[in-house]
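This document opens with one chain alone, in structure tokens, the form predicted alone.
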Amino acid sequence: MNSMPSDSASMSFVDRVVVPGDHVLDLTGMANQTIKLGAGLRQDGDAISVMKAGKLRISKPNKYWVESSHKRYVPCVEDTVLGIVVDSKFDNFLVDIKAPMLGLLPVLAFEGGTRRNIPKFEIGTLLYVRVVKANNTMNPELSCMDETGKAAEFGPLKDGYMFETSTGLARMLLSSPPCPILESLGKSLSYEIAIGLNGRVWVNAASPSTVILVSNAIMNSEFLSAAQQKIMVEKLMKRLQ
């Protein structure tokens, strides 16, 4: 097991491979900062340790997680995911989010939700939702509201095309600064996109050919460098002309 790094030393772990047991962050010198932990990390006293192998990532201001490319998704609170409605009960919609257990979306977990205006979703409806509760022993709880109770971007995704990727690619697409593949596509094409940390991506555009091009470019980008991603988009755009 690695010894505890200082705050500055812990930054050297970012974007590098870490393994279970590594201590990657010391909270003793970060008392005035809010730290958010994502997948693959846990807090042991003042130490943040690794639970699964992968690359340590950080997004501003202070969210850390371990990025691994898996098909199976492990829910984490505050993750945004794409789910498919598979059933509905009196109090909850049952939603497939590619996790070991189905997600529970309370019928009132919508902006202004009451018993009088419960939404009606058909089986197979695609939803963009937020994980609000998650642990290993119970179904994750979902919501179609942000932290302020507003619908924001959450809710059903209509039309378009949904495809599945690894969770690692999904996190890369959501990285900051913008992922090169999305930045390059956005300069040349007009389209809508929703990316779930559970490895599902939804794309919509006025032209079916644009949907196909964007989807194929994203699926082929996972193991390309930033420069290779830009070159690929340039070649695809020339074929489209």
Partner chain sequence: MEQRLANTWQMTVNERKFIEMALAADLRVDDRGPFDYRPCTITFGRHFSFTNRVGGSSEVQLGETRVMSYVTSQLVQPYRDRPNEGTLSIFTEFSPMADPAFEAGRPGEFAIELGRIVDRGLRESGAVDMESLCVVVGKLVWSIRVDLHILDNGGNLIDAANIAALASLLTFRRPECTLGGDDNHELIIHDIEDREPLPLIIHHLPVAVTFAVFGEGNIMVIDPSYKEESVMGGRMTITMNSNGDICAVQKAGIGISSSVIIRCLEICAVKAAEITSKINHAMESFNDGRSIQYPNFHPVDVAIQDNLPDVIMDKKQIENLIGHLAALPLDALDRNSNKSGAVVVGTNTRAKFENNQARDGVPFYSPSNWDPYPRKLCSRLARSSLKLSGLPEDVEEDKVNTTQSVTVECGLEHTKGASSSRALETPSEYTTVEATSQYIKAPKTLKDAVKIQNRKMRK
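Numbering follows the first chain given and starts at 1. All of these numbers come straight from a predicted model, not from anything done at the bench.
The discussion below concerns the form predicted together with the partner chain, not included here.
* Identify which of Asn216, Ser188, Ser175, Asn62 has a heavy atom within 4.5 Å of the partner chain in the predicted complex; exactly one of them does. => The residue from Asn216, Ser188, Ser175, Asn62 that makes the contact is Asn216.
* in the predicted complex, the residue from Ala134, Leu169, Ile84, Val107 that sits within 4.5 Å of the partner chain by heavy atoms -> Contact with the partner chain in the predicted complex is made by Ile84 alone.
* Asked: Looking at 206 to 214, 51 to 59, 176 to 184, 191 to 199, which one sits within 4.5 Å of the partner chain in the predicted complex if you count heavy atoms only?
  -> It is the stretch 206 to 214.
* Asked: Do Gly112 and the partner chain come within 4.5 Å of each other in the predicted complex, heavy atoms counted?
  -> Taking the distances in the predicted complex, the answer for Gly112 is no, it never comes within 4.5 Å of the partner chain.
* To do: With heavy atoms only and a cut-off of 4.5 Å, decide whether Lys158 touches the partner chain in the predicted complex.
  => Although the partner chain is absent here, Lys158 would touch it in the predicted complex, with heavy atoms inside 4.5 Å.
* Looking at the partner-bound form in the predicted complex, is Asp96 within 4.5 Å of the partner chain by any heavy atom? -> Within the cut-off, so yes.
* Indicate whether the partner chain has at least one heavy atom within 4.5 Å of a heavy atom of Met162 in the predicted complex. => Within the cut-off, so yes.
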